[in-house]
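Listed next as structure tokens is one chain, alone, in the form predicted alone.
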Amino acid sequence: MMDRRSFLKDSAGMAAAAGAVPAVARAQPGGAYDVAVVGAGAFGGWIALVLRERGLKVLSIDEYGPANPRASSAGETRSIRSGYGAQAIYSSWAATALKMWKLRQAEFGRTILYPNDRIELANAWSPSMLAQRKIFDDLKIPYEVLDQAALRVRYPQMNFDDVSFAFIEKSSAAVIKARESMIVVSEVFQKKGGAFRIARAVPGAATGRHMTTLKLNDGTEVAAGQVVFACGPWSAKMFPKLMGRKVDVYRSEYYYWGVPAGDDRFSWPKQPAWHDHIVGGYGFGSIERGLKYSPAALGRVAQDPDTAERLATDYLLKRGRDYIGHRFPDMRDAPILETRVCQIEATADDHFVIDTHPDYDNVWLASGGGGHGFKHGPLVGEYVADRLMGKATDPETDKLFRLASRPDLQPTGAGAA
């Protein structure tokens, strides 16, 4: 691990060889930060923590605070899964991230991770699932394939009448307490000497290809050697011309059904996480809140992350109720205890954007987490820190995450039901 002194020395050496001095190695004005990270969500929160742990002077800024209700990382739970169809890089990253989550849980001293089975319900082997099976074999990730009869024996609380088989992750899946984990990440960051501010930050002054300051909504400015914009659903609002055609924002709804009194069949760990390739949607067993299910949204509905209300829609509520009655017959009349709306920012091909800003040498973009970025947070933090500090990373991964590699968005049917 590289400390701050080594970072400054090595950065200066690399820059001298290239004929330029990197921003973070310059003599900064009094009180300036080595790095300012805008956004304290699943990417920004972890990036700030890792950079602080590497000895840098870091400011974390978020306009509403960690795990606020507008944030994509604000929900009670998220999942870790290694099943990504043909996208081998995310299967590999998820397996690594799970190990990192376990280490962090021990460090944090509180339970935020709930390992469990994850089952993918299907009635035919799609090309994506065949590719996933090969990837699991190549990466030596344990799995099972159970037919309908075996599923009924193992998970008798679920209805499998329309299911032919399920692909089951055994040791590479878990449910995470999302909101709680992002709060503790920020708390640990601050305990380790990181600075945190609630403020709306936008690009400030620049000299050539060097952004020198961030402007805050109270009229003050912050100076930093490098800046990371990890703005999630606000990425397109922050950089409309640059990110507006690369990152879309849409909503996903999920509901918590109250489990029967004294009945643990629908709760963790007896109830596995599941993804339904037949009817659509996904869910988790109850961890304090209730059986969670998110129905397939049937099209992306664009929304503004600042002004959109987080209210459930009638047609998705009906889809949810119909689904629970079908897949969990004994939960047919269960009450919905809570509803949530998550805003998701995604690229057209669902790959992340982790790249330098094309106009600035000291500005980084970390966005495009989509519906799957949360689980990768600890690894994204390490990866961005490596790149920002000039440490060698995998060239193919770097290329995959380039902004220029992301295709432009196609019309998404905004305003559809």
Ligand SMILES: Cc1cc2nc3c(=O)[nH]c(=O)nc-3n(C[C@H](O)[C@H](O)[C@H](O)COP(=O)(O)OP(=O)(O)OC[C@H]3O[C@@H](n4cnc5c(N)ncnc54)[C@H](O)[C@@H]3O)c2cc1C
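Only a predicted model underlies this, so the values are computations on that prediction, with no experimental measurement involved. From 1 onward, residues are counted along the sequence shown.
This next part talks about the form predicted together with the ligand, which is not shown.
Contact between Val50 and the ligand in the predicted bound form is not found at the 4.5 Å heavy atom cutoff. The ligand is not shown here, and in the predicted bound form it never comes within 4.5 Å of any heavy atom of His351. Contact annotation for Arg200: at least one heavy atom lies within 4.5 Å of the ligand in the predicted bound form. Among heavy atoms of Ala230, some come within 4.5 Å of the ligand in the predicted bound form. Only one of 164-172, 138-146, 282-290, 124-132 lies within 4.5 Å of the ligand in the predicted bound form by heavy atoms, and it is 282-290.
Contact annotation: of the candidates Leu365, Leu56, Ala385, Ala42, the single residue with a non-hydrogen atom within 4.5 angstroms of the ligand in the predicted bound form is Ala42. The contact with the ligand in the predicted bound form, taken as any heavy atom within 4.5 Å, belongs to Met238 out of Met158, Ala223, Met331, Met238. Taken together, the three residues Val38, Cys342 and Gly369 all lie with some non-hydrogen atom within 4.5 angstroms of the ligand in the predicted bound form. Looking at 67-105, the residues that come within 4.5 Å of the ligand in the predicted bound form, counting any heavy atom, are Asn68, Ala71, Ser72, Ser73, Arg78, Ser79.
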